[in-house]
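In structure tokens, one chain follows: the form predicted on its own.
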Amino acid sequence: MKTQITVLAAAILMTTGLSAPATAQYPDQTINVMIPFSAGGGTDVPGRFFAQEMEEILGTDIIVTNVEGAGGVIGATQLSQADPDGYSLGFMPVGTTTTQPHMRETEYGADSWEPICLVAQGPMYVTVPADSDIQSIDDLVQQAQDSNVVTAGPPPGSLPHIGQAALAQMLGVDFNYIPHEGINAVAQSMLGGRVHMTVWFADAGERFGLRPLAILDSTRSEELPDIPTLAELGYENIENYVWFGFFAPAGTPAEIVTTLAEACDQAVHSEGFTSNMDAANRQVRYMPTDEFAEFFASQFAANGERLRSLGLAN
């Protein structure tokens, strides 16, 4: 009898021209994109450029939420525990996703995410205040040997922190590292004379009046072509670049990941995104989902080994 009623209802719908309501297509509500650092910081700048393009492509509102603290761990933890429904997403850097889990007991790991796409990458530079007496890497070494070099950056486990640790190890000196919550606070300490050096992106000079001494990469960059590599200055090269990726919590349905991946491809290659990144002296680097997933897994393992070699891992 129940089956007959169901069939009868379907027939009535057909004869009256009515149809059952269609399943809503993703996305049909506001998306939240979490950035695990402060507004205006190194992750926030490309993240907001990216979210702006994604909003237009997906045709829905996107709210960017900055969740500060613990080198990005607080925001990443919240995201890893969010419903995997495609409406809670994250724009996160290499440090938060691939170094912090090796340095502390985090509630997330390599299997906590659905990597969607790689968005940007950029080399880092050894920088000092514009009026600093430290004019070269040789001067930096000499000051570290004679007195003290105070360095700063985001909390331990961030790429600026790891870059400075690797630099000190290679130079055979010690730096006194003071964690700050974001580059804005670091720049204030440097310009106030409390910090001698930091490792940051190509925009450190334009945004904060810092002077780069060397690039932490094997080749010079297009953004600052006059800044030499460490090898050109007689030292060993250090490759310390930061990348930024777009992530969903593990378990997000494949069809939603596909929709986001297609939108990401369009966003990263859009004129608006590339022109904004150029103006900010940031490098665009795109990887699609499958390639980014492999890259992420390899970076997670490699950075664990790197941290152990520096004595920074658990």
Partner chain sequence: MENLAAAVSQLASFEVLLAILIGTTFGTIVGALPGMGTVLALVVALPFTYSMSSIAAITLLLCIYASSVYGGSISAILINTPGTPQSAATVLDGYPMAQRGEANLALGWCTAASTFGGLFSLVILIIAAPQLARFSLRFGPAETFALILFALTCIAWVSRGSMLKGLLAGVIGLFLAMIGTDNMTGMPRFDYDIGVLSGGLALISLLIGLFALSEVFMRAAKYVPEKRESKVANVGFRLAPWREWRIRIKALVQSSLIGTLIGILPGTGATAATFVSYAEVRRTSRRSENFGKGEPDGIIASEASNNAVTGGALVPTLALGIPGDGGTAVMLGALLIHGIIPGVQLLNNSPEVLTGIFIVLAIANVLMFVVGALGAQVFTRVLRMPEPLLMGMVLVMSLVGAYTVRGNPLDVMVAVIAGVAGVFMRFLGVPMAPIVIGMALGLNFEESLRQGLMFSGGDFLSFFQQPIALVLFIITAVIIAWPIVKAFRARKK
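We call the rigid core the largest set of C-alpha positions that still match within 1.5 Å between the two forms. Numbering follows the first chain given and starts at 1. These numbers come from a predicted model, not from an experiment.
Absent from the display: the form predicted together with the partner chain. The rest refers to it.
Among heavy atoms of Phe49, some come within 4.5 Å of the partner chain in the predicted complex. Tyr177 belongs to the set of residues with a heavy atom inside 4.5 Å of the partner chain in the predicted complex. Heavy atoms of Pro123 never reach within 4.5 Å of the partner chain in the predicted complex, leaving it off the interface.
Although the partner is absent here, Asp44 sits close enough that one of its heavy atoms falls within 4.5 Å of the partner chain in the predicted complex.
From the list 236-244, 136-144, 204-212, 164-172, the contact stretch for the partner chain in the predicted complex under a 4.5 Å heavy atom rule is 204-212. Of the residues Glu223, Asp217, Asp85, Glu181, just one reaches the partner chain in the predicted complex with a heavy atom at 4.5 Å or closer; this is Glu181.
Though the partner chain is absent from this view, in the predicted complex it lies within 4.5 Å of a heavy atom of just one residue from Leu230, Cys117, Met103, Val128, which is Met103.
By the 4.5 Å heavy atom rule, the three marked residues Asn66, Leu191 and Ala280 all count as contacting the partner chain in the predicted complex. Interface residues of 139-175, taken as those with a heavy atom within 4.5 Å of the partner chain in the predicted complex (partner not displayed): Val150, Pro155, Pro156, in sequence order.
Annotation: Cα of Pro154 displaced by at least 2 Å between the shown form and the other one, core superposition. Superposition of the core reveals a Cα shift of 2 Å or more for Arg207 between the shown form and the other one. Fitting the two forms on the rigid core leaves the C-alpha of Tyr108 displaced by under 2 angstroms between the shown form and the other one.
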